[in-house]
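Heads up, the chain shows up twice below as structure tokens, two forms, tagged structure 1 and structure 2.
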Structure 1
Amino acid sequence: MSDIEIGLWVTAGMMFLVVLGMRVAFAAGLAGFVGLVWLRWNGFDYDPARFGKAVEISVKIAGQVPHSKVSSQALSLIPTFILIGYLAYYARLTTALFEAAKRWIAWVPGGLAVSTVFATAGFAAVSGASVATAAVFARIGIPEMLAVGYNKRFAAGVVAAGGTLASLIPPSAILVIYAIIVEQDVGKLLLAGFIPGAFSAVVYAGLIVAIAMIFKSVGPPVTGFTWRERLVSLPPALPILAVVVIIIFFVYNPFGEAWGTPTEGGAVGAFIVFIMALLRGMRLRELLDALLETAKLTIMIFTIIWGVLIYVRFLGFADLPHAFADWISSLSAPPMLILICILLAYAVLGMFMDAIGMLLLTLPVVYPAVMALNGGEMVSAADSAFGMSGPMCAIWFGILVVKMAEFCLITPPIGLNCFVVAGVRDDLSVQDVFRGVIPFFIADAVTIALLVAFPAIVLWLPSLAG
């Protein structure tokens, strides 16, 4: 049996385990280890006397991979970004942000829902965790919307969909993971997420206003705020803006050299929000809760990374990524059509897998194929299929797949944000939340189509960084 055939059989087995309900981290780690043993034993012509040697070699490989990859400095961004979000919550910055958005925007049809979307976007700019964003605004936004007569399913859908913005708007844990897997510049990828993330929020807001204008009982406007009340609401929300500016200047300083690395920016941002939380009266119990929640989410992400990296190493030995890339590039269909099919495949996969696990499992195979479609990682814009150089294509594709990962956070039956919102609110079932997010599927489809059609939306900021 060839190495490629072994790779296909092991991958099929891993997907079968995932469908049965095994966690992605364990399914990938187990499949990767079994695959390594199978490859080695196949190399020994299935000699029974050398099976032990095949296992020994595979154990060494599997044992070395997680440490060598996870010790990367870039991954230290993940816990700092997550910590920023939880500290911002306990510093009451989220409440201040929502109050400011409500006073300025709530007068439009569906205004409280629009306020919630923009508040989640602002919170996403200091938090890299979609789940945390959804949980926070399920406590803040939904009660406000229900109090003025919003449909409860619609209110839940707004929060679940708004929480997904944290996947794109930096600091984003998923963007960092993408950068590590495909070995691209973390800073440029974080920069690339700003405009598409803000664009997604605007599309969500437009959809909400349209729904509220057509179905007037869904989201009534809220009026009565004076200009003085609006102006007074701004200063308490400004600290979030300050943290965003600091992170941007650490990633990319438009007026000169960057202040430091993205990792240092995340650490400084976490420290600043920590000081703000202390000044706003954060208690020791709340600090411990923030640290514990950060540790839980970080461990979950790192466990997935460890398991998947063993599988990724197996794929490398089986040479499956190169074989898949050669097959994709040999197809007679237009490259853009193939790319759209790949994105549609992500939409289907997202119905059965969590976002991070899905990207980690597929990128080692799909990324080389997309680069081959464009003409290679070193191709110039003039010679490429998508009209952009290899490095720019890597950034563009990264934003597209992360946007697809956002989409997967609200698609049944695995949509994690929907489960989080239902878990926070006793008066909502998971089915209620899934029904509430249905309109946002249309918004996400429109956003993805525009990002594909107009790559400049993604590439303008990173192109300024050189």
Structure 2
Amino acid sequence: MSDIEIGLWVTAGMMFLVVLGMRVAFAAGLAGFVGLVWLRWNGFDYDPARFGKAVEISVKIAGQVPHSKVSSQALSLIPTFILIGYLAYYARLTTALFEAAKRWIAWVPGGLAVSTVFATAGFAAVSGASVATAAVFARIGIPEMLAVGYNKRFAAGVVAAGGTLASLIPPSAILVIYAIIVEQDVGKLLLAGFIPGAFSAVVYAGLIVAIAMIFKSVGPPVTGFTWRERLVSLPPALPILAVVVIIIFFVYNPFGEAWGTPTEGGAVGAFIVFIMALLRGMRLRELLDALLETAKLTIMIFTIIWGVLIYVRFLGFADLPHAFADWISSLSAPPMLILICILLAYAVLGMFMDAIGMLLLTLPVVYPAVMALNGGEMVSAADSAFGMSGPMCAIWFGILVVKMAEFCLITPPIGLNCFVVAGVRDDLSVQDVFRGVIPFFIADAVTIALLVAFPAIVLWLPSLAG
């Protein structure tokens, strides 16, 4: 049997275990381990006397992976970003943001909904996790919207959709994971997330205003805030701005020398939010809870990372990604069509799978194929299929798949954000939220189409950083 065939069988086996309900991290790790044994024993021509040797070598290869892959400075961004989110919560930044957004922009049609979208976008700048963002704003935003007569479903849809912004706008754990898997510059990817994230927020806001103008009953404007009230609402929300500025300036300073590396920027941002939380009266008990929750989420993510990387190590020995990339680039269909098919496949897969698990399981094979489609990792913009250099294509594709993964947080049947919003509100069923979020599918589809058609939206900022 050829190595490629073994690679395909093992991959099928892994998918089977995942569907069976085995924890994703361990299904991937087991598949990788079994694959390593199979590959090696196949190399020994299935000599029974050498089976033990094949197992021993494979055990030792697999046993290196957890320590080896986890000990990375770049990956230290993940716990830091998760910690920032929990601390920001205890620093009461969410309510401060919503208050400020309300006083400044609620006068437009659909004003409170627009405020909620911008407040979630702002919170996204300190939170790496979409689901938590949706949970928090379901509690803050929905009651206010209902109080001024918003449609219940629509209000729920706004929060569920707004929550998805957290993974595009840095800090974003999922973008860091993408960068690590495909071995690209973390800083540039984080920079690349800003504009598409803000762009998504603007598209959401535009949609809300349009709906509110057509259907007057959906969301009336809220007026009557004095300039004084507006001004006093700003200081409590300022730390968000500080964190955004710090992270940008650590990665790329438009006025001169940048301040450091992204990893340092993340940690210093966390430090500032921590001080803020202390000033707002965070208790030791709350800090310990935040640390325990940070550990739980961090370990969950890292377990998938090393589990999947055992599988990736096996793929390396089986040379499967290479074969798949060759196959994809040998197809006669136009590269753009193939790329769109890949994105659609993510939309379908994402309906059933967790975003991080989905990206980790597929990227090792899909990413080299997309790069090959563009003309190779080092291709120049002039010779490429998508009109961008290899490294830029890596960034563009990263933002696209992360946006796809976010999209899947609001699609049935497992749109996690919708479940969270329904879970927080006793008066809303999951069906209500799914119905309310439908307009935002359209907004997301438009956003993704624009990101595909105009890659400059994604690539302008990172290209400034050299």
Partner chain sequence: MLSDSSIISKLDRTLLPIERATAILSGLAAFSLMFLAAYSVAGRQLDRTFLAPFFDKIGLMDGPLPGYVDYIEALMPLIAILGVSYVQREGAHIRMDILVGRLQGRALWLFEFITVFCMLVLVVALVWGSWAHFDRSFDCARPLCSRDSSIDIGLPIWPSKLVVPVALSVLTARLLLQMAAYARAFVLGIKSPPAVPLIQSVAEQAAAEAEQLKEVGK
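Please note that residue numbering is based on structure 1, beginning with 1 at the start of its sequence. In this text, the rigid core denotes the largest set of C-alpha atoms whose superposition between the two forms falls within 1.5 Å. What you are looking at is a predicted structure, and each value in this text was computed from that prediction instead of being measured.
In this pair, the copy labelled structure 2 belongs to the form predicted in complex with its partner chain. After superposition on the rigid core, displacement of the C-alpha of Pro321 between the two structures stays below 2 Å. Core-superposed comparison between the two structures: the Cα of Gly206 travels 2 Å or more.
Once the cores line up, the CA of Phe225 ends up 2 angstroms or more apart between the two structures. The two forms line up on their rigid core, and Gly157 then has its Cα shifted by 3.1 Å between the two structures. Look at Asp427: with the core superposed, its C-alpha moves 4.6 Å between the two structures.
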